[in-house]
Structure formats: structure tokens, C-alpha cells
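Before any questions on how it binds or moves, here is one chain, the form predicted alone, in C-alpha cells.
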């Protein structure tokens, strides 16, 4: 893998963002709105109860980390869509870049964009609502890393869907975080869900992360086996998403669908 060709993908995105306020503003605007909205919500919930439950790290922190995972996924898909929308995707194949290098470039772009959003959310949540990351202790980095891996897997799977069914299939991609949120137990414990939904939730790495986050904030122990299970699931989904993308790409090349990729659908 040639790192200079991988770096060309985030460099192109940097030039796009540098010359467009319409791309830069959403990096800060939506995350700020989310933090302010949920920050006041946690403050309101805290005022209604007389317990010592920490709503800010348990709820506002959960929103922050879920937004981070969502932005990792969207960082991959949006960088891919930039090539689709500008009808530049086919031009990539006139260069020496390979598909693994292109995907690595998309993931690098996603990492940079999601870290910018994470930094903004941390500043707003800490300065305006007193979110203290010390409440998560040593588990903070593993939690964030697992969510990052899960976002990568969702991003690669999403671009595989669009590559297979054409540009119009992007509308299958945008709702994915919202569809997963009820099973990821972002805002409530796993025990709140009905039994069938709990089985589905246990297949999602974020459910372990948010269960662990609430346990740590409440002063309870979070077993390492659950963290290991979340990590194993995240790695497994990355492997599965990569296999799916490789299979879809091979099908598109062999059947000639790749040459008609500027159409709304390629089926």
C-alpha cells in the first residue's frame, strides 16, 4: 500500500473544505446544536430528581459518543459521495491508486473529520454543562476506540450498498444511525428493551459501550469480558464489511456496472 496515494484522498477533501464554507460550517453547527439541546435536557432532568444520579456524564456523554460514532460513519460515506456527486468516481480508475488505498484514504478522512467534531462537542459539553471525562476513568479510551471501529464498519458497508445499487441508494445510508439507535441502548439501559430486542442489541458493539458507560458513572464494575466481546464484534464487523465491499466491487467490475456509475441506479 502506497501511503502517498492514500494521503491523496484526505488531501483532496482538505482542498474541498478549504474553499467551501458550506462544508466547514456543518462540522461545527450540528454538533454544537446537539450538545446544547441535550445539555439543557440533562440539566432539566437533573432538576426533577433528588437522587445523586449523574445525568451529565450518563446522558450527555452518551449523546456525545453516539454522535462521534455517527460522524465516523458519515465521514467515510460523505467523502465517497463527494466523488459520486461530482461524477469523479470513475476518474479514480485512471490513476494508479488501488481500491484498498482508496478505502484507507476514506477512513483517514473520516478520522480527521470526526476528531474535529469530537473536539467541538467536548469543548461545548465541558464549558457549558460541566461534563467531566474523569467520570469514565480508564475506560474512556476503550469506549471511544470501539465506537470508532464500529463507525468504520458501518461506513464501509454503507459505501458497498451505494456501489452496488447506485447513487440513489444513498437514501438507504443516511437513516442507518437512527435505525440502530434503539438497539444500541444509547439513552437507556439494555434491560428496558423487550427480550427479542435485547438479543439484537447484544449483537451491536455500542450497546456494550453505553451499558459500560452507565455502569462506570454509577460506580459499578464493568467486566472486561464485556469489553472484549464489544471489541471482537467491532473487529468482526469490519472484516465482514470489508468482505462485502470487496465482493460488491468485484461484481461491479466483472459485470461492467462500474462503467455506468454516473446513472441514478446501476442495477
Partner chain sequence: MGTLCNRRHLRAGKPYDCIRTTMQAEPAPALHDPVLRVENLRKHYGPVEAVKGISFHVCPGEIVGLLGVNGAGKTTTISMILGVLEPTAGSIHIDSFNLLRQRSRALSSTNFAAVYAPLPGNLTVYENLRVFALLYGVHDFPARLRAVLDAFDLHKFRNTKCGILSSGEQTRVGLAKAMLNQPRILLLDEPTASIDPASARDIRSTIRAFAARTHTGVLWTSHNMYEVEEVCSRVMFLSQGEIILSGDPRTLPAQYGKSTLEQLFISVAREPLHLGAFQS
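Residue numbers count along the first chain shown, from 1. Model, not experiment: these values are computed from the prediction.
Absent from the display: the form predicted in complex with the partner chain. The rest refers to it.
Visitor: Could you tell me if residue 187 has a non-hydrogen atom within 4.5 Å of the partner chain in the predicted complex?
Guide: Residue 187 lies outside the contact set for the partner chain.
Visitor: Is the gap between residue 161 and the partner chain in the predicted complex 4.5 Å or less for some heavy atom pair?
Guide: It does not: once the partner chain is placed as it appears in the predicted complex, residue 161 has no heavy atom within 4.5 Å of it.
Visitor: Is residue 86 a contact residue for the partner chain in the predicted complex, using a 4.5 Å heavy atom cut-off?
Guide: Heavy-atom contact with the partner chain at 4.5 Å: present for residue 86.
Visitor: Give a yes/no on whether residue 93 approaches the partner chain to within 4.5 Å in the predicted complex, heavy atoms considered.
Guide: Yes, residue 93 is a contact residue.
Visitor: Taking 132, 202 and 225 as the candidate spot, are all three within 4.5 angstroms of the partner chain in the predicted complex by heavy atoms?
Guide: No, none of the three is in contact.
Visitor: Of 119-127, 163-171, 71-79, 97-105, which is the one stretch near the partner chain in the predicted complex, taking non-hydrogen atoms within 4.5 angstroms as near?
Guide: Only one stretch qualifies here: 97-105.
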